[in-house]
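A single chain, nothing else alongside it, follows as structure tokens in the form predicted alone.
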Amino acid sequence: MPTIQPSGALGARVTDIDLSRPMSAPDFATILRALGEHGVLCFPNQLLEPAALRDFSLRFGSIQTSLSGKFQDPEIPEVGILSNIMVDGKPIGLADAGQDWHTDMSYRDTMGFVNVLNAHKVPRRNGQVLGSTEFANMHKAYDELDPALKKKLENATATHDFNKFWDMMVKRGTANRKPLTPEERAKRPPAVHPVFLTHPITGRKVLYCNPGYAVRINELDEAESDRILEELFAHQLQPRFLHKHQWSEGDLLIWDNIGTLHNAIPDYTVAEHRLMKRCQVMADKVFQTDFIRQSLAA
């Protein structure tokens, strides 16, 4: 049975399990409960082959593949490659993934559920680990939101647009991203979600409105929407809601995109190599009552 060691207000370390092997139903139930409770789970010493990474990720839902078809495992396309490493003058992975606060796939009708990231190379400088990932707890952000604002937004929805984050990264110019073509934009149309969601595992409310993709609170005029969004973004990123994960080779991190935000810290250079392998899992199962009931009953 996996051992769960909480690491504070957000996050836990999970040991006594080998993720390269199929999970039993009781082990999956333990992990799913821990994911809802802690938001971010670190499994140390789990350097998985691409097929095993895919199979572990598929227990949680369907996997979103790359929009461009680039930077994915040649044999297991569900596994994406995040890296600043160049081979023969060409990048082997996406170099600037996740480098600002966001929630994966909030821009889709079927939002993201979990992100699974396995560390193969971790950058270091003078013995100091670089390239940490930060997380923010959206259960606590909702719980501690001003009651008047909760009331005002209790039935509100927000529009999430993939192009907001993409344009920001294009302007940075860190990985030679180009503006999306009309065809690419058509594949990622904006989506609308409630500002406050009931989390499918915990049954508690979360603040589901992130700086990376949220562009408008639909029930407010534009000026008030902009003001309230800035207030929400400032609130959810207060230090008391944050957790930072410092990577080690072999770490496998899984986090809940419904209950957290995350941000990859780009504090390393092209000469300080980072290599991660990733699966992005959609929330096409977790909101199904039968899936949750059967998974947690084991």
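Start at 1 and count along the sequence shown; that's the residue number. Just so it is clear, the model here is predicted, and its values are computed rather than measured.
Not pictured, yet referred to below: the form predicted together with ligand SIN.
Checked against ligand SIN in the predicted bound form, the residues A191, I85, A97, I76 give one hit for a heavy atom within 4.5 Å, which is A97. Think of it this way: in the predicted bound form, ligand SIN has a heavy atom of just one of A136, M111, V206, L117 within 4.5 Å, and the residue is L117. Remark: H262 counts among the residues lining ligand SIN in the predicted bound form, judged by a heavy atom distance of 4.5 Å or less. Just one listed stretch, out of 227-235, 54-62, 28-36, 254-262, contacts ligand SIN in the predicted bound form at the 4.5 Å heavy atom level, and that stretch is 254-262. Although ligand SIN is not shown here, in the predicted bound form the stretch 275-292 places heavy atoms of just one residue, R278, within 4.5 Å of it.
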